[in-house]
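As a starting point, one isolated chain is supplied in structure tokens, in the form predicted alone.
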């Protein structure tokens, strides 16, 4: 699929309000006079919503090129996008302007539609992870996803961004924060992960990490990243 950022930057830019964010900054998805489309330009973000009897539920992780259409977000009061990375950038566009552009350019409409469909499929996969995997496998699935999306190969192994806090991970994977800590400690003891500076982890052997999650190949296909998978 074409790189959405490359395709939409030109036509969207004149209509976009650029929002530069810092870590933990929140953007409300509450009802607005006009429907809004957010385009993630730089950094990682979390879509979140308050759930009864819990602090929040992390609905998904957003990467550069992802879109958030406010009408498509569950109508939960307090739903928001929260910056996970230290620095990030989001474009906010009024939906009527986006629709007018897509009416003029069918290629743009198709790419936006495909991206929203891809993200919906990722959400379905996440539900399968929560429903069908053990706690250890859920954490491994998250590490595989982040390694595939943000990892850089170094002499020490695959270094990838870990901007999520222990609570973020717990809310995303439907686990207790203490359980998350124990699982990550076990992964470190096995040599699957190690600290790599501030908010980064290193995976000495991606093959071994991949084997700890039964859905690694599915995650790679869903995120359209397969360069690290065994041939």
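If you're wondering where the values come from, they're calculated on a predicted model, not measured in any experiment. Positions refer to the first chain, counted from 1.
The next section is about a form of this same protein that is not shown, the form predicted together with a further copy of the same chain.
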query = Just one stretch in 57 to 65, 22 to 30, 195 to 203, 179 to 187 has heavy atoms within 4.5 Å of a further copy of the same chain in the model of the complex, so which one is it?
reply = 57 to 65
query = Looking at 97, 125, 79, 159, which is the one with a non-hydrogen atom within 4.5 Å of a further copy of the same chain in the model of the complex?
reply = 125
query = So in the model of the complex, does residue 167 come within 4.5 Å of a further copy of the same chain, heavy atom to heavy atom?
reply = no
task = May I ask you to state whether residue 9 is within 4.5 Å of a further copy of the same chain in the model of the complex, using heavy atom distances?
result = no
request  = Indicate whether a further copy of the same chain has at least one heavy atom within 4.5 Å of a heavy atom of residue 155 in the model of the complex.
outcome  = no
inquiry  = Please determine whether residue 41 contacts a further copy of the same chain in the model of the complex, using a 4.5 Å cut-off between heavy atoms.
reply    = no
note = In sequence order, the residues of 184 to 218 that place a heavy atom within 4.5 Å of a further copy of the same chain in the model of the complex are 214, 215, 218
